[in-house]
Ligand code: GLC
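Encoded as structure tokens, the following chain is the form predicted alone, with no partner shown.
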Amino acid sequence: MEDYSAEGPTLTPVDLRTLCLSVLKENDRGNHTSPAKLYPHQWLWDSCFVAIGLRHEDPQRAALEVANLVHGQWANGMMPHMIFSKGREYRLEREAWRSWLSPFAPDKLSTSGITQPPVLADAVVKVGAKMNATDRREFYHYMYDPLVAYHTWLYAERDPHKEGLTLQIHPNEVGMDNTPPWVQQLYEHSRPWWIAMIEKLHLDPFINFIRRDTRRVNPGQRISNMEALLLWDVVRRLRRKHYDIDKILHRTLFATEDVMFNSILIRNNTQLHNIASFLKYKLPAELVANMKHTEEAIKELYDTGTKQYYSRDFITHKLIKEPSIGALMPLYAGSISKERAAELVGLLKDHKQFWLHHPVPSVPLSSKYFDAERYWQGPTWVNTNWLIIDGLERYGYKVEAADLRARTIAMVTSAGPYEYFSPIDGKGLGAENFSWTAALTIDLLAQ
């Protein structure tokens, strides 16, 4: 394995850990950690990743991080992807989502109306592993019912045809907001006339005036204005239907069975089993059956011609053959065969696809969408690297996991804990002092 420590400044692992802890302290909001100054609220999978890193320093504070997510859980079991802060300055953001239109939304706080990749059970298990048996039991007991309710909701509401794969109704639900498969779907199925007119008249540059992120970060590193408008239009449609899934699917133009989301679900189903086993509880039989079904159904997202996994259009059942880092996520699921895992490792190590100097890009180099600096259309993210490393380890690819771990740590050492990085030169991009980058770097250092 190559030594990448010489690429950046002479920052020791202890110094890097100290720096990362200072980022988490800076973004600490008491009962949760905001992703960065750019993002003032609590995000579902951000908090899960923060807890995974923070557990090495303060397991109790890490437990509080994920326990606070329960306060935002809807009565039907959904874990929303955002819990909004209560300050007056955030009124417009709360108004944009209007979670209170749903009878299932919490009464005393505002949330978004969609979820995010379900990494919560994995975070709970990893935080619990740092506790003594008594504290672990108490923590697991507190989180057990909300987790069962969440996973039950995913199958009851997001697998209406009992096919084993859950569907997603907004790109933000997969965590990769402008990932190419979703951008393609939005342009093909969900571009209203007024957005098409803005694009035709080249009026989209004016959108920067109302975007907070492009005032703080180079617009070339964010999602495009047209993509932002498309994402906003989806929120508007969901809100108009009061987040009622039956109404949404009755007239929906698109819904996607995302390969990364479902891979993460499979791994977290396993972790929910582990929590139940520790507590000596018995998971509901229907939920267990659904979990097994997903492990089988993920095979339907595999394309024999390209030997890759893709997301699938929920309506047509056609694979969306637009490659992204999602193709590698069945490694994290841990349910695919060793032969399929070997194929994915080969894809990962392809220098014309994913194995660039600072892997792993969110979009392969060969993609027409590849942009080394634009959000989820090329940059390397520490959280997706972490997911891949976890999968590599469990499939026995110790050398590859160690190599990717070293490259990831070196990248953060050199550039600092940025939101994402250029896979070409390792430059830090997006928001500075990003919480999950800091937290997962701590975890990678501990490994």
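Just count from 1 along the sequence shown to find any residue number. Computed from a prediction, not measured in an experiment: that's the story for all the values here.
Beyond what is shown, the protein has a form predicted in complex with the named molecule; the following relates to that form.
- Residue 395 falls outside the set of residues with a heavy atom inside 4.5 Å of the named molecule in the model of the complex.
- In the model of the complex, residue 46 approaches the named molecule with a heavy atom inside 4.5 Å.
- Interface residue remark: residue 177 is counted as part of the site for the named molecule in the model of the complex, having a heavy atom within 4.5 Å.
- Interface membership of residue 35, defined by any non-hydrogen atom within 4.5 Å of the named molecule in the model of the complex, is confirmed.
- This chain is drawn without the named molecule; in the model of the complex, the residue among 309, 150, 375, 182 with a heavy atom within 4.5 Å of it is 375.
- In summary, among the residues 99, 116, 225, 290, the only one with a non-hydrogen atom within 4.5 Å of the named molecule in the model of the complex is 116.
- In short, of 53-61, 397-405, 66-74, 35-43 it is 35-43 that has heavy atoms within 4.5 Å of the named molecule in the model of the complex.
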